[in-house]
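The chain below stands alone, shown as structure tokens; this is the form predicted on its own.
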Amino acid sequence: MLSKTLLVSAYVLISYCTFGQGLKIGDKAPDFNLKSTEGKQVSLSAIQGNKGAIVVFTCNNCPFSIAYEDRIIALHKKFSSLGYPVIAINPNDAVKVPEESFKHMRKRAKEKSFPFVYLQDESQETAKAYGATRTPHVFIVQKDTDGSYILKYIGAIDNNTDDPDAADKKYVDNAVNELLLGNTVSLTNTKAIGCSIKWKKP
């Protein structure tokens, strides 16, 4: 007979796999139409003049997301003018975690002077479509010749949450640079480290 610990572990694994199913490298990225902290509706397809995007599922309250905020800002400042802007999306249930409300999103965006759009995925359908499970969780997409977006990278920003200067593997930075050079991304998948997304009750 399975022990209680094994049963709990199995349940966690099944839950992770269920929510982890989403996009694979080479898939077309679903479009979305989400409200930004500036009160505007933003869709992937409507962004003009870009070659792709760095889609980051993040939030206000997770220590991992907070630790990466300055690095996400730096990625946008480095790559936005080169055609790869950051699109930040908060997928957390604000009923379960009030600090993730739209009001708090606007407050956080103002406090940190976010140079990128910060969108609320209130229905959580975008996070589910992409297969996001953590905050932060990055999906790099590249625009195809037909105007659709193709997924090129999924995972973490780098390999050191605590100290950006100690990160010797800058996954997102390297992936975007490879795409800008017209090369294939050499490392397409890494494990996203962060807080679990706070899903709505079924």
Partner chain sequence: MSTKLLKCLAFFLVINAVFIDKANCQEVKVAKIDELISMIEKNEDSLYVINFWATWCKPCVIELPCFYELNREQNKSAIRVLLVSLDFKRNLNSNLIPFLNKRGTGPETWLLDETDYDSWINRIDSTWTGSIPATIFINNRKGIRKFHEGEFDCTSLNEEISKLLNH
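What you see is a predicted model, and the numbers here were worked out from it, not measured in a lab. Residue numbers count along the first chain shown, from 1.
A second form of this protein, the form predicted together with its partner chain, is not displayed here; the remarks below concern that form.
Peer 1: If contact means a heavy atom within 4.5 Å, which one of 138-146, 42-50, 25-33, 159-167 is the stretch that engages its partner chain in the model of the complex?
Peer 2: Heavy atoms within 4.5 Å of its partner chain in the model of the complex occur in 159-167.
Peer 1: Check Thr190 for me: does it contact its partner chain in the model of the complex (non-hydrogen atoms, 4.5 angstroms)?
Peer 2: Close contact exists here: in the model of the complex, Thr190 approaches its partner chain to within 4.5 Å, heavy atoms only.
Peer 1: Within 4.5 Å, heavy atoms only: does Asn177 come near its partner chain in the model of the complex?
Peer 2: Close contact is absent here: in the model of the complex, Asn177 is far from its partner chain, nothing within 4.5 Å, heavy atoms only.
Peer 1: Using heavy atoms and a 4.5 Å limit, would one call Asn61 a contact residue for its partner chain in the model of the complex?
Peer 2: Yes, Asn61 lies within 4.5 Å of its partner chain in the model of the complex.
Peer 1: At the 4.5 Å heavy atom threshold, is Glu111 in contact with its partner chain in the model of the complex?
Peer 2: Taking the distances in the model of the complex, the answer for Glu111 is no, it never comes within 4.5 Å of its partner chain.
Peer 1: Is its partner chain in the model of the complex near all of Glu99, Thr133 and Lys198, within 4.5 Å of a heavy atom of each?
Peer 2: Each of the three qualifies.
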